[in-house]
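Both blocks below hold the same protein chain, though in two forms, and each is given as structure tokens: structure 1 and structure 2.
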Structure 1
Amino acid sequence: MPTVLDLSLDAAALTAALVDLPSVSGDEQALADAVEQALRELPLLRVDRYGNNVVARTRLGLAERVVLAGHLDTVPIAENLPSRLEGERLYGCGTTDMKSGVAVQLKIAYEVGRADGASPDRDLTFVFYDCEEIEAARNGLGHLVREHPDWLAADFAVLLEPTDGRIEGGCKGTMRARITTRGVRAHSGRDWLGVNAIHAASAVLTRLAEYKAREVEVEGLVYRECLNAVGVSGGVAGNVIPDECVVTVNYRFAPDLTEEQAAEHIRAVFADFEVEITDSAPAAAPGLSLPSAAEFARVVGGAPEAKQGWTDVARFAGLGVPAVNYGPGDSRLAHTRGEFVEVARIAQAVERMRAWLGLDAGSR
């Protein structure tokens, strides 16, 4: 029998219940079942499921639709379950990344989905997806984008990843490339018969070490680009002049560049070397100039910041849906053994969402 989630619990208690239903990436079925079952109890929501991804939508015919999205999975448990409340902090795997965010989604869904619930001033789509913490090919939101983009149609999206209660807008793109230098093998006692490919890579590394990264302002947010070697390998044997060396670089680029432009830039920086682009994900503009986003920023308060990492907001951007990150968790605690969330932040996030969505106005 599936676990029953009681959505009438307060947001912190609901977070604890979600944390105590472990859902390490690839093992989200029990939690997806529980979420689906709880949402199907709410008559004003249409619920769809694809794999371990659950999407619930109001159908109020309002002028605007916004998405609240979160992933169900966590990184592996690190002797930090079950959850444990200590003073004002709730400890445990997933407390900050991001079951506190999922609890906020579910609390809002519970409020707008009940027959006697409150009326929001925008239609709402709740997206719960799997496999965010592992390789991109398994990402549940990516699967929904490909198979059911209509479920995700909206004017604006909020991803409830941990942001310490601030708005982080858009995200930088990320691209990896292999820069290869080649030489000629020879015995290392007779190096004049060969050409050392590792020595040739010194020019690649020097270029990286001296690289001046751009800082780019987009819609008032400043994105700091990064270009780094994230790997280097070369060598045949301890007595052989190596004939190949590969430097793997990662370029994090601002939302003013397309992936094509980012690839052009890498090729220009390493113009005299062999360059192979190996993988890439686009940047996303914050979309903060949209009315819905601007109002969200006003209600949440504080100056929005640029998201420097890559997040799934880029998947929404790919569908033409501007998106921001905003969640009660603390991003510095994500993936740590000592992960926790401040209980007060969860309730605060629910209240801010309610204010933004006009739920303070009372029930139908």
Structure 2
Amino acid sequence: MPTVLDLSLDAAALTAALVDLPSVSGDEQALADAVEQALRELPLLRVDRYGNNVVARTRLGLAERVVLAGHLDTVPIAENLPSRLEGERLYGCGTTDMKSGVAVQLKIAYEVGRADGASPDRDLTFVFYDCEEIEAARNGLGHLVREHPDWLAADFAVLLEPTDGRIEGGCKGTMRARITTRGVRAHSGRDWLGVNAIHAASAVLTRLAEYKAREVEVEGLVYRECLNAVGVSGGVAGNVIPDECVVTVNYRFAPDLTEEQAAEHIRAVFADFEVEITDSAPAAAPGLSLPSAAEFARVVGGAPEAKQGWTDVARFAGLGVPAVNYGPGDSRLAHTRGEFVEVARIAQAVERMRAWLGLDAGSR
């Protein structure tokens, strides 16, 4: 039978229900179905679906619209389901990344979508999407950007990725490239007749080891760039001198660079090698000086930090929608076997969202 989500549960119990419905990347349909069904029961929301991506919107005619967004998928399960509550920590796959954030979205949607719900001071769009944890081409938010950008139109967006209750502005871009060295194949017993491509790759690795990454300040936040080998492949057989070796590198670049400039930088670093850019996603500037972002930062409190990874705030930035990362999970625990979220952080995120949106306990 289809899973039924009870949005009246407290946020921690709702998180546990979401976690207990597995949704590894590419297998999110059951969770998307449950989210869609729960939202369609709220009469004051318009609900649309594209693939396993669900978008719900208020239509109050207010002057400003903000997005609360989160992905439904998780990394592969690591013997960490079902969820379990130990003291004030909820353990399980996706608790921190990012089903606790999705629970916050759903709690706010439940509060404003009921017939007798509370009135926000901004119109709201709730976005739930698939395939965030895998290659960019399959990312559900990317599909919505291309096919239904009107569903995402807004003045500001909050992506409820794990930040441990702090605001993280913008994000670094990410780019992968294949650096190829070539040789001449020969019998390993007569190596003087060949040229070993794997040995030639040592120059690539040395260059990476000696690389000095930039630290770049953008709108008052400092982003630390990274350039690393993330894979090496080569070899034909145990008795053959290999004629090809590929070092895959990952460049995490600051928001002062475009994707084109980042690609130029990789090619410059490896100017004497064969370089192929294989995957890329843009960076995003913080945008914290904008009124909506500044008000959100005031409500959340604390000093905003730079997002040192990549998140889908970049996709919103590409649409001209400023966005920040804010969620109850701790990114240091994401993708780990012992992944957990602090129950208090989930409740805190709900209350901060309510305060920012001007929600009250009264009816419409």
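Definition used throughout: the rigid core is the maximal C-alpha set that superposes within 1.5 Å between two forms. Note that the coordinates shown come from a computational prediction; the quantities given were computed from them, not determined experimentally. Every residue number counts along structure 1's sequence, beginning with 1.
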Seminar exercise, completed: Structure holding the form predicted on its own is number 2
Problem set entry | Rigid-core frame, C-alpha of residue 289, shift of 2 angstroms or more between structures 1 and 2 | no
Exercise. Does residue 164 move its CA by 2 angstroms or more between structures 1 and 2 when the core is aligned?
Worked result: no
For this session: Classify residue 76 as shifted (yes) or not shifted (no) between structures 1 and 2, where shifted means its C-alpha moves by 2 Å or more with the rigid core superposed.
Result: no
Problem set entry | Shift in Å of the residue 238 Cα between structures 1 and 2 [rigid core superposition] | 8.6
Problem set entry | Following rigid core superposition, Cα shift of residue 229 between structures 1 and 2 in Å | 4.0
